[in-house]
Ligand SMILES: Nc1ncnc2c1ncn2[C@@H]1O[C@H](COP(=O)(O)OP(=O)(O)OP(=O)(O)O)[C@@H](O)[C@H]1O
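Below you'll find only one chain, the form predicted alone, shown as structure tokens.
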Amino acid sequence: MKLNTLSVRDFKNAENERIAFTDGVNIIYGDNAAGKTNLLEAIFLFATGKSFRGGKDKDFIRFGQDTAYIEIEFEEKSGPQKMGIRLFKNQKKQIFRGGVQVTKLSEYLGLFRAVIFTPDHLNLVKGSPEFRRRFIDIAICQSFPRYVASISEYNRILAQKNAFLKNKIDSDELLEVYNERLAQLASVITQNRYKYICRLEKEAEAFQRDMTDGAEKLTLAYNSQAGEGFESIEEIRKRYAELFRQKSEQEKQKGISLYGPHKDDFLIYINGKNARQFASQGQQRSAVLSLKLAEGELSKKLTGEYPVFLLDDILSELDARRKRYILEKTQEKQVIITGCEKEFFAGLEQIASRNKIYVENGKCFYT
């Protein structure tokens, strides 16, 4: 997969810019707050429909404007493609594929795929379970677009159940209806996450072993309230249904749903020890690097081609050895890297001659 161009109009601090990208390494550099990350944010919107930094659609629109528009042209295995997104302050965004508006995420998710790696991802080991769940869900959605429908419906019904519990509505029958549907959706979500984690572990373990000359073995474990064993969706559904039934009184007292895949997590181990508790900072960074590279490798195996790699200001967070490793392992792939000027021209001479774009106050200049 190759991103050819990105066009932005009134997006964040960019008024009207069009950027061309090449194969291999593309460098976007400039001072802090110049607008470098905004460009990666625009690209990543096409992969997931959401920003990796959070925020609402209105936050993407340049100050003083009512709408914003972004567009990409790219090549994937079926041929050249074009996608566009129009953003509004007070209504839902419009998404276009080949000039035709689509209304469902599943109609465009997976068409353009990207792996994003930011300094925040260094919290994958020590950060919250929510952060790790989001990492897995985003990765699965890009390779299996239909998965987003299960996640969306689960969150919608979970919100309805939480409102029911919060308002102390006296209706066991309605609570049963919520729990029955949540159990069905939870089984799909849990099995998909478990299967993805198993495949991700295989890829990440190889990167960790290679990066540490065989000294470290990385393993992953999916931690679910549904117990263990995830081969049968029907069995998982039954376990969730029983869990919801047993804990219904507790949830009524607390006024919120306490059980389900929205509470699940995955654990990272290095040489059999929980990395969150026992790994050094260097080991944690190597583990995260292995996971992100594994995400890209697994995307290739599931879809037939590599995604675009977006590295947002990450090189400043890595030591020289890990910096060299990530650049080495992303060779033969399209990579877009952001950072300050000093990061790229101090110790990174091997990429200094690549496609370079300087950003200042939202404006882009080729150098």
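Quick note: we count residues from 1 along the sequence shown, nothing fancier. Not measured: the values here are computed from a predicted model.
Keep in mind the form predicted together with the named molecule is missing from the figure; the text below concerns it.
The contact with the named molecule in the model of the complex, taken as any heavy atom within 4.5 Å, belongs to D31 out of E305, D31, E317, D66. This chain is drawn without the named molecule; in the model of the complex, the residue among T48, S299, Q334, N38 with a heavy atom within 4.5 Å of it is N38.
Shown alone here, N13 lies within 4.5 Å of the named molecule in the model of the complex, counting heavy atoms only. At a distance threshold of 4.5 angstroms between non-hydrogen atoms, I61 is in contact with the named molecule in the model of the complex. Although the partner is absent here, R324 sits far enough away that none of its heavy atoms falls within 4.5 Å of the named molecule in the model of the complex. Taking the named molecule as it sits in the model of the complex, the stretch 295-319 comes within 4.5 angstroms of it through a non-hydrogen atom at just one residue, D313.
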